[in-house]
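Before any questions on binding or motion, here is one chain by itself as structure tokens, the form predicted alone.
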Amino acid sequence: MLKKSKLVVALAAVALVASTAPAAPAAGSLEIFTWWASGGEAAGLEGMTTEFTKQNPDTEFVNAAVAGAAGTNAKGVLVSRMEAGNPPDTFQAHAGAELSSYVKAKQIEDLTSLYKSEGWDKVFPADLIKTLTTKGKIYSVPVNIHRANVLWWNPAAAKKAGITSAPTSLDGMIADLAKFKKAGIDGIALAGQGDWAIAHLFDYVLLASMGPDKFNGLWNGKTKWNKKDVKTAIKKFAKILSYGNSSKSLDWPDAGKLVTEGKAGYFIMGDWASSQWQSEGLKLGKDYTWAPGPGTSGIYQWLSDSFTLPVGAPNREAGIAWLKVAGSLAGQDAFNPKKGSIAVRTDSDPKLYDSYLKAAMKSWKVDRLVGSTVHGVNYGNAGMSAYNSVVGKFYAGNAKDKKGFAKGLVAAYKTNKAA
């Protein structure tokens, strides 16, 4: 690891970690709270930390990371710390509705002035800034853009199943799942640990089944959760699940290995999967390849990791220094090629990125943009938790209770509205 830095990776149960949260770091240090603890995530963070250390050589860097579950574990610990008045100097959160609870509780500072002083209002996309703005104020600094609606597969496994090109529709994908199954390969890799990865898959199926306008309507109330469009998506989702692996407890990296090892056909996962596989020594275009999620070509389902400045941060100036690096050209270009994401900044250097990320950069500029529900754009923490839980319950019950699933989705929407 880096000189003058130490890594605190909390792998214990969330309740145990929350009860033993670290005391505020000493002056002259920076405590940053993330869920980036392994693979491309850790590599990306180390890249940006190197840049921070160059600019702040006398500041000790403390990464209080809580690993696993796409941040689900970390969020529980963070809520406990914030409520106890023991905030870190900055914490990672998804940009969008996920920050709403912290804003309502007045637990994070308004960063609008930094956007002007650092010139981010000129180099961050205007539409993204609108998404980040709450009542004229901006409360986080996005460091990247991820794409959620990506189809991954192993070319050798596809060849064995007689599949020569990526499907372009949801029905076409389902037909391919049957081809994989006939060839003795699970049609799709499923990760049931923590519910979120299954909910990620369902979020994609909703988008591919009903299109972006009706999908967006689910979050603003124009599309009803208990009507035909959602019921159709549920039927297709159940069909897709029927072609998956038998284990219901895999974490997403383990599910991904089923694909790269030729044991499963397709995998719907965000583009962080590519950086994970590259950190394991696999080659893009040889060991695995990609396409936009079938039925969503021309649509970019996005999410963004961002950093905040907690009210009462023990080392506030160090927190601000970190935010400046997070939004800088040097910081974003040090972070994103390793993280497997693209920079928020429009002046990022494409030459630093691999072929997938170059394609993502182009798509980000021209595609229809829709938010990811599971990764904080459409729902706050309460809504996300309820959404993930109801999808996970449907999956655990072998996708049989479609009516109960639909009712649970309505309840999750109401939970989000009430939060």
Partner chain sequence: MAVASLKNLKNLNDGRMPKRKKKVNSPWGGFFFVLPSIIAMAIFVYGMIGWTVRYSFSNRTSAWKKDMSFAGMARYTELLQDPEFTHAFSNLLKFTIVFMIGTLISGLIMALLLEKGIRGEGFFRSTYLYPMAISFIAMGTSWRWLMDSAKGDRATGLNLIFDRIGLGFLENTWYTSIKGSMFAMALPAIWQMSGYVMALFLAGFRGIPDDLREAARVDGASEFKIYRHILFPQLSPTFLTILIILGHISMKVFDLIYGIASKGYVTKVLAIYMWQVIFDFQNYAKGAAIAIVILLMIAVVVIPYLIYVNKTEEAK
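Residue numbers count along the first chain shown, from 1. Keep in mind that what you see is a predicted model, and the values were worked out from it rather than measured.
Heads up, the form predicted in complex with the partner chain isn't pictured, but that's what we're talking about next.
Peer 1: Mark residue 396 yes when one of its heavy atoms lies within 4.5 Å of a heavy atom of the partner chain in the model of the complex, and no otherwise.
Peer 2: Although the partner chain is absent here, residue 396 would touch it in the model of the complex, with heavy atoms inside 4.5 Å.
Peer 1: Test of understanding: in the model of the complex, would residue 63 fall inside 4.5 Å of the partner chain by heavy atoms?
Peer 2: Answer no; every heavy atom of residue 63 is more than 4.5 Å from the partner chain in the model of the complex.
Peer 1: Report whether the minimum heavy atom distance between residue 258 and the partner chain in the model of the complex is within 4.5 Å.
Peer 2: So residue 258 counts as contacting the partner chain.
Peer 1: Given that the partner is absent here, does residue 104 sit within 4.5 Å of the partner chain in the model of the complex, heavy atoms only?
Peer 2: Judged by the heavy-atom cut-off of 4.5 Å, residue 104 is in contact with the partner chain in the model of the complex.
Peer 1: Quick one: from 314, 310, 294, 194, grab the residue that has a heavy atom within 4.5 Å of the partner chain in the model of the complex.
Peer 2: Going through each option in turn, the one that passes is 194.
Peer 1: Could you check which residue among 280, 83, 110, 121 gets a heavy atom within 4.5 Å of the partner chain in the model of the complex?
Peer 2: Checking each option against the partner chain in the model of the complex, the one that comes within 4.5 Å is 83.
Peer 1: With the partner chain left out here, work out from 316-324, 266-274, 220-228, 246-254 which stretch has heavy atoms within 4.5 Å of it in the model of the complex.
Peer 2: Comparing against the partner chain in the model of the complex, the contact stretch is 246-254.
Peer 1: Could you run down 381-395 and flag each residue that has a heavy atom within 4.5 Å of the partner chain in the model of the complex?
Peer 2: The stretch 381-395, when checked against the partner chain in the model of the complex, contributes 381, 382, 385, 386, 389, 392, 393 at the 4.5 Å heavy-atom cut-off.
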